[in-house]
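This document starts with one chain, in the form predicted alone, laid out as structure tokens.
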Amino acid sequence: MKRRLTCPLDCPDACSLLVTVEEDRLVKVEGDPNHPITQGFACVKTYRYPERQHHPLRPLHPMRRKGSKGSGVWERITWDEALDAIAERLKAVLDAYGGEAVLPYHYAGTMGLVEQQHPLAFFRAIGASELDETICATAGAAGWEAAYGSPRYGVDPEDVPHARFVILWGINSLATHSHLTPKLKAARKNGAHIVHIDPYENKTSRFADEHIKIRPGTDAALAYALAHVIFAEGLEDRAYLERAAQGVAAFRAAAMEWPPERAERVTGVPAERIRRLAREFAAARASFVRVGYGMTRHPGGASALRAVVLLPALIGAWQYPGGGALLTTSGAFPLNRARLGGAHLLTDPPAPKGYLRPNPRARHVNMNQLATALNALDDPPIQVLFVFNSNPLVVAPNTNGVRKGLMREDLFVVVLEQAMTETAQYADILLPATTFLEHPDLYTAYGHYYLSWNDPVLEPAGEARPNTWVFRELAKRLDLEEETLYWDAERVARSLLDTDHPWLEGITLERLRREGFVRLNLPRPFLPFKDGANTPSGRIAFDPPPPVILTEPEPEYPLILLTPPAHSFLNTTYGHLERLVAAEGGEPVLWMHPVDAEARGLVDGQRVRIRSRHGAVIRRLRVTEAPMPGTVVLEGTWWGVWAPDREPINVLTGEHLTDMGGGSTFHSNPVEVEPAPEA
């Protein structure tokens, strides 16, 4: 039997998939040829989903820790035993410490709004600490909103074939937005020139017509240098700027401080190349900039992204089909989120009753600072940690600190999982979670403008249950009287679709169920900032000019480490599938430029020790001209089990945050590399 589903994973493409099910097993995954973005192909990762769905080590029953923390020694228990134990521990902690002693840690293991967001209603009902979901997108969001306001959206990918000049800036789109590729090919066929700006050569660099290597964290300087040339040579669209923008004079003054020669010294991009790029970008008019979140993983990341996405406005590109910029389309889905995840409990809380203790002023924990939260927060300390849709022992900064926190004997850890992750090994109670084939959900996208719905096509494996079911059952045991806690997926979806916004007019759950996916009611072509922006003034904000905040190495740690996505992984979701691990070379490898290798007496293939202020790991070295000198690269968030020392790469990263949005700074890690000690 072949059924249509939407891929739930953290990727802009939100692909429509055709899945083949035989005898209650997933046997094949294909791209849906009828979806205008998916166009009949899926990524190399998704094709392997059957192996993940039926992995022999998938948790299938509730389990209680029997050995020491992290030992992975379990005893099987019933759901009632598991839920009763969790509820009793919660009651004790809530009585002794209050709700802020409970912390949910979650992110985008599924992008389905029901299973990703609605569980938060439980935590808001008991007044738990609020998790700030900042590990990925908040710096980019802050930078974009400072320029164009909120909600956030940009060029329709379906209009990209009309672009006449394309810059892929800080994004390896062939790995992380692969369904943009056919649109880029169409633009190229129509005469567009494609430029990739990135610190190292990757698949997208080789696809592009031109690759410009840039030193990490210097994107704002390059953006200003391009603007300098545009202003100096009178290439800006003055009429458009007068009509649609504000603060241009201040931005111009800032840009004039960055002539190409100065920018060359900072960015490593030759001055003449900067001039040529600026002229070609401006001359095309219908120029398109696809920015990724890579440039935001630096101390000045939000400001850098803002400087870059203002460039299309400078030349009036938003007036032309395919012209403008794209970071995300997520803000274009005007769903009614007033009660999603108990949002109303933060704005209009009911009176406390029993364990119903909503607290709009509950303390916030930045998810990039989980290590500090687990080890240093007091008054009250974190006593109960729930982990779902995430694998923080591998993905969060400061792995050693996170591990130390998870080892606390007084910390009760509950993990809801589909795989036996490294975080799951530290659970006191491990609960088997359903996959997207086993539960219903509603999906938006952040790389296109189609809304979709999934009905389950498989019975849950073993005793797996949806996240929302778990928290409904816990709510019953705590006698919580809040109706949204007990909503099923359909009720949540109908609430979200209950809006009179014209972009959602006529889009009902029944229609989504019937058609699978539906495009928002957007005009074609979609020219969202043709006459202004979503800022309070209604104008694109060039003021105040974004500052240039550079990523700097340190004397003891003179190299900057980047850890961008690998082609065959999606964060850590597929990190345990041996065929995908083999496709990435079997183990995590550090890329280093020959100049840096020679200076350290290092040779290709040897094992090296990478150290930072936060820790050290062992990796195999690949000497290659792919990265810039002074930059080392390790693609992929690998499970530690595949590394020579079994340590995740985030042993090396700290908890420092971006200039705006409280985002992660994974690409600004000063390190040194030396021969690994003899075993």
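All figures in this text were calculated on a predicted structure; none of them were measured in a lab. From 1 onward, residues are counted along the sequence shown.
Separately, the form predicted in complex with a small molecule exists; it is not shown, and the next lines address it.
- Heavy atoms within 4.5 Å of the small molecule in the predicted bound form are found in one stretch of 106 to 114, 348 to 356, 79 to 87, 510 to 518, which is 106 to 114.
- For the options 138, 172, 267, 303, the one in contact with the small molecule in the predicted bound form, meaning a heavy atom within 4.5 Å, is 172.
- This chain lacks the partner; the member of 287, 329, 454, 467 within 4.5 angstroms of the small molecule in the predicted bound form by a non-hydrogen atom is 467.
- Not one of 154, 246 and 542 is positioned with any heavy atom within 4.5 Å of the small molecule in the predicted bound form.
- At the 4.5 Å threshold, heavy atoms of residue 650 reach the small molecule in the predicted bound form.
- Although the partner is absent here, residue 223 is not a contact residue: none of its heavy atoms lies within 4.5 angstroms of the small molecule in the predicted bound form.
- A residue is said to contact a partner when one of its heavy atoms sits within 4.5 Å of a partner heavy atom; residue 307 fails this definition for the small molecule in the predicted bound form, lying far away.
- The small molecule is not shown here, but in the predicted bound form it comes within 4.5 Å of a heavy atom of residue 567.
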